[in-house]
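The form predicted alone is given below as one chain in structure tokens.
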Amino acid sequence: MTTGADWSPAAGREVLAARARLLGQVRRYFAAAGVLEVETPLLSFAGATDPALASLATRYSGPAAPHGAALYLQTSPEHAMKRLLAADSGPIYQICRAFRDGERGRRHNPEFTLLEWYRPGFALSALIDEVVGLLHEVLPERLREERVSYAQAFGRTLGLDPHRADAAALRAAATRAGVPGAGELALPTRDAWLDLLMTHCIEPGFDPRAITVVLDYPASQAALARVRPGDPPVAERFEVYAGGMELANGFHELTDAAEQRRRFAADNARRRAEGLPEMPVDARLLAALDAGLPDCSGVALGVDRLLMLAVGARDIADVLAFPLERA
């Protein structure tokens, strides 16, 4: 049921024009850097296995697939872009729509715009430099930069080692920090406690006038990143924050097909344990990894959040023509 002005866009013409300028700046930036723009399907027969992600599904009943086959709207174009990389595409980027079920809030919409790119031969530090360079190019104000490890961020704010603290210690830290309901929460994993502390205690302490890069995540949060051996081992992963918001998530990409198979299986085992539906594994990605993915680093950046920073918006709905409520 619609009422009043539900038919009209939430974002005004000035913001829509700012979005168009931002997309133009991004495309010029990558054209100058010699990175190829590509497009890949929004729909896939494979879903996101990560228990933290919920894929939106639809059904297809036409030819070339089993009748009534489930198709999943992509949570990111990562798998398809890696198939292009394995076919010698060279450096590539994409501006596309991505979809995540159950995500609606001040900084979330279930349909959103993602900028994702991959750089064969780039070390993670070189990709971070490029992300920061792009932000300096498109944001109206040049922000200072800070790089901090995941362990340093937790140590300076909460006085604990996130790589070694057990779930009880993490719960106690959340309780001391005044996280609402922390003493009664029954979170399923240690990583769930780390995520709670990151969002409620660590992120709010980042300087809103700075670009903060967090490095060396716990190995258990590697997702599709490589794990660097050591004591402790850490995921070769980074996240970028600015204006108090997470903007980007990047990896030194995993190229080992056997390890990727193991992680997909572990994801689905966690899904079963948490009462979540299992997701069909992307066999075509695994075949591409078997064929040979070049050593590369990649990153996904939220365009809508970047636009929020550029225009000073506080709610993602203010930079979308039609957020969920008006779709």
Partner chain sequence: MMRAFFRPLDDDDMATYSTSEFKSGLKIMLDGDPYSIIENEFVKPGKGQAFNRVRVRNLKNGRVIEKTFKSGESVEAADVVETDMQYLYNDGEYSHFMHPETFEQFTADATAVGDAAKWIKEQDVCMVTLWNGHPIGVTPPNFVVLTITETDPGVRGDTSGGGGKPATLETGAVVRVPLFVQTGEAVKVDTRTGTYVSRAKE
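Numbering follows the first chain given and starts at 1. Here the structure is a predicted model, which means the values were calculated and not measured.
The form predicted together with the partner chain exists for this protein as well; it is not shown, and the discussion that follows is about that form.
At least one heavy atom of Pro188 is located within 4.5 Å of the partner chain in the predicted complex. Residue contact check for Arg104: one or more of its heavy atoms lie within 4.5 Å of the partner chain in the predicted complex. At a distance threshold of 4.5 angstroms between non-hydrogen atoms, Asp216 is out of contact with the partner chain in the predicted complex.
Proximity of Arg237 to the partner chain in the predicted complex falls within the 4.5 Å heavy atom cutoff. Each of Ala223, Glu246 and Phe251 is positioned with at least one heavy atom within 4.5 Å of the partner chain in the predicted complex.
The stretch among 123-131, 91-99, 156-164, 172-180 whose residues place heavy atoms within 4.5 Å of the partner chain in the predicted complex is 172-180. In terms of contact with the partner chain in the predicted complex, the residue from Ala52, Ala65, Ala33, Ala273 that brings a heavy atom within 4.5 Å is Ala52. Exactly one listed residue, out of Glu146, Asp207, Asp256, Asp195, brings a non-hydrogen atom to within 4.5 Å of the partner chain in the predicted complex: Asp195.
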